[in-house]
Every structure is written in structure tokens, then in C-alpha cells.
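Only one chain comes next, encoded as C-alpha cells, the form predicted on its own.
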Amino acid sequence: MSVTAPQLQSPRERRASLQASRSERYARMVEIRLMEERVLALFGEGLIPGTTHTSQGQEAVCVGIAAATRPTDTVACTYRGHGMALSLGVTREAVLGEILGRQIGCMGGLGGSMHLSDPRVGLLPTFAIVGAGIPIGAGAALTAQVLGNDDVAVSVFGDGASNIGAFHEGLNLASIWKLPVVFVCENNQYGEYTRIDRTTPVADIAVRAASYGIPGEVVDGQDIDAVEETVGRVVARARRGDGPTLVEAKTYRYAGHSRSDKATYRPAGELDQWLERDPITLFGEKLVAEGALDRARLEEIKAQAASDLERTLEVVLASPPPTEQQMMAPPTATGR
């Protein structure tokens, strides 16, 4: 028996709906949280090949970036990219299908959790190599500059990547050539299993921007409105031809680094402190205070997201895994 997919919107339509409605941004954050939690469970059931890295707690950063950019802009991000893909508009089926290694996935099930892409909404292939998206983001910006359009590239990376050579090379080149790129550091406080203060001698990674003669800004990564405003402003700056900016979004990952990591290395009470500033809860409370939504509607959104996710999982599990022949097939319009 065939299963009917619940996802009716195209990636572009999903992106447009997010940008048009604050309540849709809340719904997208909930969607990301629920999918990431389901992914961890699916991994425990042995349904996910390879490894996977989830982003619970960081939803405001990726949704804020998606709200502040347009589909023709390009985004390069890390292996912790499920939330970014969903934010930009990649469908649930395409993201979950790729994670589960099914043909319905955005890369035909050949890339897996760490390799998501959809050029229709500007998502470059996500990178398993730490910091790889930094120079590639600069390269995407160079493409826009050479073509003479006003598209902007956004390169998203973690705090650990700010300590490797690609960070210096990417920011230095972007500054010299005044490229239309925004570098966004998702500072979730940990590089794999090591807290940032044990690897990085500065409290704010954004101060490193001064070394390259470009602006650096710190933003509260738990506040979607703050992220959207900051990213939107510096994207507009890049679009005008005024060059790159380094943005540091201070956030926190509620889960461990990857799959079975229980994050026992965290100090007692640290997770609880960050849970008090859950980005979904904060945004929901703000929407209620503004009168945009009531608490009953918040619960309805969560229930709908949970229902949609389970129906999506049915569709994905009904999709077959890729064949060896598909690995050698020419790419399609969606990047496969």
C-alpha cells in the first residue's frame, strides 16, 4: 500500500512561508527540534547508517539566518546541518530521507546525515570536514561578485573551526577582495567534547574580525529576532558591496556532539542554565506577549508538527535505499 506524503509545499514555498510569518518561524523551530529528537531515537533503533549530529538548542540561529536571506543567496554549513536545511526550506522528506539513506532523500540517500544539499534554496552541500565551508563560502561570494549580481554567501561554522587555518584563509581572502559573504560562527560552547575556554584564548570569537579589517558582532543565539536582525543587517551590507562581516551567535547544543554521546563532560547545572533560555520557549513567550498567538495555538503547532513528522517517517521508510547504479548516475536539477 502506498503512503501519501504530508508535505505539499515546495522548498521555495516553505522558505517563503517562513519569511512571511513569525508564527511559521516558531513552527519551523518546533519542527527542527522534534525531528532532531526523532533522529536520535532512529539512530538508537539502528535505522541510520554512519553517524549523525543533532542541533537541539540551536534552532534560533538557523531559522534566523533563513528568515534574513533569500533563496538565491548561498549557505555553506557544517555536518550539524539538519536544522539549517529545514530552515532554508528543504522538505522533511528530503532531509529525513537523506539521513535514513533512502532514495527520497535530497541526495538520493547517497550522502547521509552529514551531506545535505538543495540548490533551489541555496543550500550548498554540507561539510563533514571542520571549517571546510569557510573558504567555500568565500568562493561562492566570489562567484556572485564575478557574475555581477547582488547575491550573498553565508558561511556557518562552529567555534572549533575558528581555530583552524581555513578560518584565517577564508576571512583574509574575503576581506582583501571585499567579497559579499557573512561568516556566522555558531558558538555552542563546545568543539566536539572540549569546552571553548580550554581551546580558545578570547571570550568573544567576533573580536578576531579586527585582524582582517572587517566588522565583528556578537548576537544572542537563543533569540531568533536578534539573529534575524543582525544577519539581515550585515547581509544588506554585503549586498551593497561593503564586504564581509563576522557574526558570532552564542548558543548551546542540548544533545552531545554526536549519536551516542551523553555529554557527561559538561559541568553540573550548565545544561539546566541553558534550558532556561530555550530558544523555542523564549520565542513562544514573545509571540504570546505580542498577542500574535495564544498558548493553545502554541500547543496546536507542536501537535501538528509531531503528527506531520510521523507521517513523513512513514513516507521515508516506504522509500527504497539507493542502488549502486544511482551512485554513477548524472546529477538532477535538485543536485543529485
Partner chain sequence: MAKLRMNQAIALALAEEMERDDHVIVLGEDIAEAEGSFKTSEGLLKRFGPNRVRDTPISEMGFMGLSVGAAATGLRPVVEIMFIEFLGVALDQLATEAALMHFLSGRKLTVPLTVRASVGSGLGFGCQHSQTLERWLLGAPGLKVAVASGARSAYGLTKAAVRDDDPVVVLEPRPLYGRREDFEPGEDAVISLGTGELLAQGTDVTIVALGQTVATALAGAEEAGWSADVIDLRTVQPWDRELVRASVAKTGRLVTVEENQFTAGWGSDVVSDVAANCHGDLSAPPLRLTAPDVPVPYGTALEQRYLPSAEYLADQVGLLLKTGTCPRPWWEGQ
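Residue numbers count along the first chain shown, from 1. This is a predicted model, so every value here is computed, not measured.
Although it is not shown, the form predicted together with the partner chain is what the next lines describe.
By the criterion of a heavy atom within 4.5 Å, V218 is excluded from the residues contacting the partner chain in the predicted complex. Of the heavy atoms in M35, none are within 4.5 Å of the partner chain in the predicted complex.
When contacts are judged by a 4.5 Å heavy atom cut-off, I176 does not count as touching the partner chain in the predicted complex. Proximity of S113 to the partner chain in the predicted complex: non-hydrogen atoms within 4.5 Å are present. This chain is drawn without the partner chain; in the predicted complex, the residue among P71, G160, P135, G243 with a heavy atom within 4.5 Å of it is G160. A heavy atom within 4.5 Å of the partner chain in the predicted complex is found for exactly one of D204, E192, E229, D150: E192. Considering the partner chain in the predicted complex, the lone stretch of 105 to 113, 233 to 241, 140 to 148, 84 to 92 in range is 105 to 113 [heavy atom distance within 4.5 Å]. In the predicted complex, A128, I129, V130 are the residues of 124 to 151 with at least one heavy atom within 4.5 Å of the partner chain, listed from first to last.
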